[in-house]
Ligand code: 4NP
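Shown below, as structure tokens, is a lone chain in the form predicted alone; questions about how it binds or moves come after it.
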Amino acid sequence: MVCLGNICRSPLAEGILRHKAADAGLDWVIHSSGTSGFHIGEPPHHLSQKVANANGIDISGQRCGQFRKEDLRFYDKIYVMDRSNYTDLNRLCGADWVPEKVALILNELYPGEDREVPDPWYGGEAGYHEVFSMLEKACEKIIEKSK
């Protein structure tokens, strides 16, 4: 799961998918990171944590990290939150870029539409609830497809 700073959207996506995978008995390695290094080592945004907790998911132990091109080799699938994240990953990976492994997460719900998960960073708590809802639906679809 990748967003810009790994502080709002991708930690939520990681927490949601990890929770749903565990409930489904799936032994998946799920991780999140950011394309920037703005928040390395920090916990997720307090509103991301609050919204996750309100939905029974604890993301307080996560720490922000930056995407490394080695991640593209390690993980089977990389989900990004928006087109900018996609472009940034392409740039970061350079010659190692494998476009088949990278997708906008909302394409799980809306194939080929390239819808973006909005960044709630600049808004209030309602935006975090909206993002949680979007990501929860996409993660549910990912789990359904694995069965």
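From 1 onward, residues are counted along the sequence shown. On a predicted model such as this, the values are computed, not experimentally measured, just so you know.
One more form of this protein should be noted, the form predicted in complex with the ligand, which is absent from this view; the next part is about it.
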(message) Under a 4.5 Å heavy atom criterion, is Tyr122 part of the interface with the ligand in the model of the complex?
(response) yes
(message) Taking the ligand as it sits in the model of the complex, is Ile7 near enough to touch it, meaning that at least one heavy atom pair lies within 4.5 angstroms?
(response) yes
(message) I'd like to know whether Cys3 contacts the ligand in the model of the complex, with contact meaning heavy atoms within 4.5 angstroms.
(response) yes
(message) Check Tyr110 for me: does it contact the ligand in the model of the complex (non-hydrogen atoms, 4.5 angstroms)?
(response) no
(request) Using a 4.5 Å heavy atom cut-off, indicate which stretch of 51-59, 87-95, 101-109, 35-43 touches the ligand in the model of the complex. (result) 35-43
